[in-house]
Each structure stands twice: as structure tokens, then as C-alpha cells.
Ligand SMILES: C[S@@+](CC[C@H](N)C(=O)[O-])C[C@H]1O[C@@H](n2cnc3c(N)ncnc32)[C@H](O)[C@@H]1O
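In C-alpha cells, one chain follows: the form predicted on its own.
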Amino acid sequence: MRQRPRICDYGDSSYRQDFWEGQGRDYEDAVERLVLAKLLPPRGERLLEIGAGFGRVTNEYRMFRQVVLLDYSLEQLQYARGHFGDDGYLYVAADAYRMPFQAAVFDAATMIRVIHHFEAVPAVLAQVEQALLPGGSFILEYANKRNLKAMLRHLIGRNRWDPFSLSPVEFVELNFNFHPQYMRRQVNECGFEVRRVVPVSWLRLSLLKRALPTGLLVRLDAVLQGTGWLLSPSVFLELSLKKGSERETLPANSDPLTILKCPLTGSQLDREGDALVSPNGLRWGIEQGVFDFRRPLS
């Protein structure tokens, strides 16, 4: 029997405080928001944010009528719900290898600082492809193994791995860097066309971040993004799902049951109190406003 891919679970970790808040990453946050503003469509009905966590960049999706936040961590999503509320937002705790969504219900999706936690890239991309409408937009960010720092370290014998090889490298458990050619091949094979490629976070060095104002770093990064050189530690892809698929689409609706399905059977769900129930009796919990599809209640 084939073993299921490992899952990275932030659980109730202090990732928000330990990695982002007051941790000297204002530059990285700002340039990622800048690129999102460039690549996102001007308006839309429903967007899926995969690996939303505590909702760091969720407020960038204001042009969509509904934003669905998906993450494996129930606690991170509960924090996000406390910040954003329920008006126009839906919170789903689930395994991204087994998303609980009907086919073709999102016209856009994002995956920022997330895919580096996945060891089975084709499997998670296939889930995104199923959830998107034909022609839908998908913004994907990945960690680039062929960046300048990694190549220099390799040349002086300081890297344990080869930045020029096409295979992903797991530098610590469930943290992968990807070669640009590898990632382009994966998205193409999963039915996506590449519209734009944006190299990001060129100046991600502690010395530079201490010496220069964040605003100046962001402006310099914007110039370097325009080069198209895939030598930065982070790369954004603007992808489009190839048209021509004959799938029925569901109209936008505030009722979550129109877009959710049982992740194990694919069947429709009914609500019974604080649970969603599939026809075969599987029950999925609702915890403080978050739909929990990580494991059934029964």
C-alpha cells in the first residue's frame, strides 16, 4: 500500500509571533504583497487561499466576494477568524492533498510560502486544478533552490546539496527548495499555463535589512523583479488553468454546503448541528466556526 504523503502541521505553534511579528521580516512581507497586487485579477467571485495560516496576506484579497481560507492548523484558522470574522470568509481545516471542495467552484487560488512544505507536488497541484474553474487564476510562490546565495555556497563547498540539479531538496524535514525548471514542468503537467514569472526577495540578507530602510529595499526589489532572472530565493508564478474542460460550475452562494464535499467519499454533505454529515454517516466537526475535515468524528 502506498504511504500517504507527510503533512506539515503548525498546530497551535507560535509561528505568527516567532517568525513574522517583530522578527525583522517587514521587507519580505511588503514585497510579497506588492507582487500579489500585480498578479491578482481586478475582481472575482471566490478565491481559495491554500495554507492561509493566521491570515497574514488575506486582506490582499478584498476584490473577491468570498475568500476561503484552508489550512491544516485549526488553531491558526481560529485566530484568522477572530481577526476577519465571517462576512465574506469561510474557514476550512483540511489536508491539502484531499481538499473538501466540489469541482470548479473557485475562480482564483493562491499558495504563498506553502508548497515548500509538500513532498508530493503533483498531488497537491492536482487538487488545485480540480477546484478551479476553467481559465481560473492560480498564484503560486515557491522557494528557489537555484538562487544566488545557494550557488555561491555550492561553489565554495558549503552546500550539502546541488542547486543545479532538477530534483527538489529537503534541507530540513518537510521544507523543500525547488528548481525553476522542475516547478514549470509540474504546473504544465497539471494543466496550468504560465502567464508571468516574478523573482522576489532579492535582498533577503540581514545586513541589508539592518542597513537600509524597508521602503528602499522594496523599491530596489521591484526593479530586480523586472529582470526576470530566476536567481532570487523566492519565485512567484501567475498561472491560468487551461480552458476547454467540460465541467459544470456552481453559482456563487453564501451557503458553504454548495462548495463543500466529503473528502473521503466525494459526496454531498448535510448539516446536523455542529457537524456535517455524508450519506454514509461520516461526520465532520465544526469548531468555533471552522469546518474541520482533518479526520471524521465517526
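This structure is a prediction, so every number in the text was calculated from the model and none was measured. So that there is no doubt, residue numbering starts at 1 and follows the sequence shown.
The following text describes the form predicted in complex with this ligand, which does not appear among the structures shown.
- Shown here without its partner, the chain carries 51, 56 and 94, all of which come within 4.5 Å of this ligand in the model of the complex through at least one heavy atom.
- A residue is said to contact a partner when one of its heavy atoms sits within 4.5 Å of a partner heavy atom; residue 116 meets this definition for this ligand in the model of the complex.
- Though the partner is left out of this view, residue 225 does not reach within 4.5 Å of this ligand in the model of the complex, counting heavy atoms only.
- This ligand in the model of the complex is approached by residue 71, whose closest heavy atom lies within 4.5 angstroms of it.
- Among heavy atoms of residue 109, none comes within 4.5 Å of this ligand in the model of the complex.
- Only one segment in the set 96 to 104, 215 to 223, 197 to 205, 159 to 167 has residues whose heavy atoms sit within 4.5 Å of this ligand in the model of the complex; it is 96 to 104.
- Taking this ligand as positioned in the model of the complex, none of the residues of 180 to 210 brings a heavy atom within 4.5 Å of it.
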